[in-house]
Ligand SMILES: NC(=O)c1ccc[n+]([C@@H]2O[C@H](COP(=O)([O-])OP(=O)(O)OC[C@H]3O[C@@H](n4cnc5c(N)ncnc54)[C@H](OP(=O)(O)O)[C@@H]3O)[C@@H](O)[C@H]2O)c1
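Take a look at this one chain, the form predicted on its own, written out in structure tokens.
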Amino acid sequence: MPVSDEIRWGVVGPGRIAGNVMADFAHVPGARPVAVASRSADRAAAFAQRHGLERAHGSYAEILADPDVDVLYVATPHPQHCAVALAAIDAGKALLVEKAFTATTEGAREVVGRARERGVFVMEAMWTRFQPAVVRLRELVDDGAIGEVRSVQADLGVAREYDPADRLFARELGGGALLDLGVYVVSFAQMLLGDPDTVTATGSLFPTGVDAEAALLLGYADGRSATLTTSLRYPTPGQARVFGTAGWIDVLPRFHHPRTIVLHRSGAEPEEVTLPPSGTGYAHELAEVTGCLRAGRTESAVMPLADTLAVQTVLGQAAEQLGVRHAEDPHALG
């Protein structure tokens, strides 16, 4: 794909998150959203009109067959990601898939395996890793600013009134705290510590069988650890801390899209670093995908598929320990 080419985007699933993402395309040179697909033609048409898109498709299959779409942003409920992604890969469409990447670990393995086999670009839409403040955090860690990282703490919780019909609480729609919020705390820890050797989870379930809250302890053979909390039952600050042998870094709320981090070096005054995102924060992941496609890459170095698979494995192990049984939707394409 020549560098001068414009990257044409399609949206699969015109929900709230997709609507939020649309405004940030204005901050990404060379990227243009052109189409949307929904299983409801009326919803697709309304979304296209609202966001100035050229084409609205009344089925997911239609946008897969659209020759004027290079990459799809998949923002359907979690259990639909796997089937949509596999069909898109087979159609040669590059993908940015919302987190959680899939509803199950096996689903993630299948998508990652197919993407690698076909040489098609796929990336999880973990916007946290691309926030300027988090990029700076990683630079400080890599430069040894706090010594060796030994522990990570992170929390992300909200109080939601229980409604069994709501997506957040419906098992068939991938509800529960782990897939919706826990993915952030797990991905943050995995980014800094790598893949854990042990996962220990405790928590509680809603009557629908999805997790209401979870506390995770990730253990490493050399003694490092991550203590992570996520909840739909109670609010938390949404803060993270990275502890090293020579200091620590606070990631101020909310850590999954922060503006400010504070570096605490042993024997020195705290150093505050504020780096706001472009747009509402989604522009950076959109720019990453667009840049990767123009360069002919099949994976992102910042959010590689190996990391996505590691995070999905932790989420799967935690869900299993809590007694949550998620499943992929094999009929996602209709």
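Just count from 1 along the sequence shown to find any residue number. No experiment lies behind these values; they were computed from the predicted model shown.
Here the subject shifts to the form predicted in complex with this ligand, a form of this protein not shown in this document.
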property	result
Complete contact of Ser151, Gly194 and Gly219 with this ligand in the model of the complex (any heavy atom, 4.5 Å)	no
Contact residue in the model of the complex, chosen from Arg32, Arg294, Arg43, Arg50 - any heavy atom within 4.5 Å of this ligand	Arg43
Listed residue (Asp155, Asp180, Glu213, Asp250) with a non-hydrogen atom within 4.5 angstroms of this ligand in the model of the complex	Asp180
Contact flag, Ser38 vs this ligand in the model of the complex, heavy atom cut 4.5 Å	yes
Partner contact for Lys93 in the model of the complex: this ligand, 4.5 angstroms, heavy atom	no
Pro77, heavy atom within 4.5 angstroms of this ligand in the model of the complex	yes
4.5 Å heavy atom contact, Ala23 to this ligand in the model of the complex	no
One stretch from 78-86, 133-141, 196-204, 104-112 that, in the model of the complex, holds residues within 4.5 Å of this ligand by heavy atom	78-86
Contacts with this ligand in the model of the complex - residues in 276-297 whose heavy atoms fall within 4.5 Å	Tyr282
